[in-house]
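Next up: a single chain in structure tokens, the form predicted alone.
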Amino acid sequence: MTDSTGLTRSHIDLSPFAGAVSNRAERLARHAKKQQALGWFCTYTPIELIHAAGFLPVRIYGGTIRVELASSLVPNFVCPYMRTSLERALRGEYKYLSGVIQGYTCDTPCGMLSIWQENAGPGLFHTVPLPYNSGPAARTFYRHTLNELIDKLAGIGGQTDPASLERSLDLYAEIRRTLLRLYELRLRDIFVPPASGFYTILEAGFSLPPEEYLVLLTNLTGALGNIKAATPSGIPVLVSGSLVEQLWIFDLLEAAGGRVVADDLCNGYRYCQPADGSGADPMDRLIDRYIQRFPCPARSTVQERVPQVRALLEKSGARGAIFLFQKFCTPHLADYPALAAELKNAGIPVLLVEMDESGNIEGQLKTRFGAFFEMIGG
């Protein structure tokens, strides 16, 4: 039997992904006793290289938490994700990490590394510089910075060679291809779980060992093989922005009459696209993948992003765009006026929402989402 969301209740089970998210702290603490784990903030961090060296890459979670200890180390105008993740580190919640690796995107997480090291270390704390273009000189520079990371990882026991990097590249490429397959199935109305459930699937992969995560994804796509397209309800929208950890926001969006059909999120499509790169050797392949990935405001101009976002809107049939930003997220906020103007000129309604660490925005969101979808529906 297929319910109104297009899922067959007797076959489709998302609880393994939800469980991986809910028990990640305890699970990772146990896992770190047999394999060192290294944290990362941003999807520009070359996690394949970390994995190839023998470590478990884990995306650092901030979430909703009262910021107390971190207030003495970082100002209030630092983005909530950075403040809450530091708060958790200072409370000892990340003792299982052997360090943090960060791809240089915006200035805040790079500056945060030294604060972590001095107040929540010890371990390896390293920033990987990134080029801003894709020319030969940029790729040569990037190769140099990745080799520097390999040396740093070797200093804490990591061992990397072309074969291990090739295996890690293959593994993560298959994971991303499978996730992109789920995106396609959502577009075709075959896999249309609640948006919070869809992004829980992605969230689970940020803390599970990739080998285990791929098994869960393969089981899920296999169960979807005989599902027929549904006729989902709700006004289709694209969600764009930075990292959205408060997944209940999607529940409010849907309760107000919306339906997420596409995204331009750090913990969504930007993590998956492209699934892989190409090159003469594994390092070239890694470099190509990260240089060609779907652009983030911290690493591109708004002129580069406009056609990308427009293409997502057109492909998905979204009738509006909702921007969900971490409060004080300078790269996204700087892009927003020009990007919003382009979309409005094209007849696409837009809504901007800023998220903070308190999570006390439910009432405001209900009102704003309701008004937004009433406007589109009218």
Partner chain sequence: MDNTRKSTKRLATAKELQQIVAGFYLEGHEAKRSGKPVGWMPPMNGLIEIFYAMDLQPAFPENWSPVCAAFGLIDRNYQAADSMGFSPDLCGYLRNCVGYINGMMGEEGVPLGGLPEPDMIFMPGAGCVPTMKNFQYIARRFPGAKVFKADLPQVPIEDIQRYHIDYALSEINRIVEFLTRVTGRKLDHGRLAEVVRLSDQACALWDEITSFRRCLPTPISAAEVGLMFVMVTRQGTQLAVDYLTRVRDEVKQRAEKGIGIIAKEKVRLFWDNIPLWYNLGLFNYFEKYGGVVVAETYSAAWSIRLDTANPLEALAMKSLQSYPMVSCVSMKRRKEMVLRACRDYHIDGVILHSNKSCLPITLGQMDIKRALQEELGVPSVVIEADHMDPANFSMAQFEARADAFIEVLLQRKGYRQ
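On a predicted model such as this, the values are computed, not experimentally measured, just so you know. Numbering follows the first chain given and starts at 1.
FYI, the form predicted in complex with the partner chain isn't displayed, but the following is about it.
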Only one of 111-119, 216-224, 254-262, 163-171 sits within 4.5 Å of the partner chain in the predicted bound form by heavy atom distance, namely 111-119
In the predicted bound form, does each residue in the set 26, 88 and 96 place a non-hydrogen atom within 4.5 angstroms of the partner chain?
no
If you check in the predicted bound form, is residue 144 within 4.5 Å of the partner chain, heavy atoms only?
yes
Please check if residue 331 has a heavy atom lying within 4.5 Å of any heavy atom of the partner chain in the predicted bound form.
yes
Although the partner chain is absent from this view, report whether residue 362 comes within 4.5 Å of it in the predicted bound form, heavy atoms only.
no
Using a 4.5 Å heavy atom cut-off, state whether residue 48 contacts the partner chain in the predicted bound form.
no
I need to confirm a contact call. Of 281, 304, 211, 184, which residue comes within 4.5 Å of the partner chain in the predicted bound form, counting heavy atoms only?
304
Answer with one of 299, 293, 285, 176: the residue that has a non-hydrogen atom within 4.5 Å of the partner chain in the predicted bound form.
299
Residue by residue through 307-345, tell me which have a non-hydrogen atom within 4.5 angstroms of the partner chain in the predicted bound form.
327, 328, 330, 331, 333, 334, 335, 336, 337, 338, 342
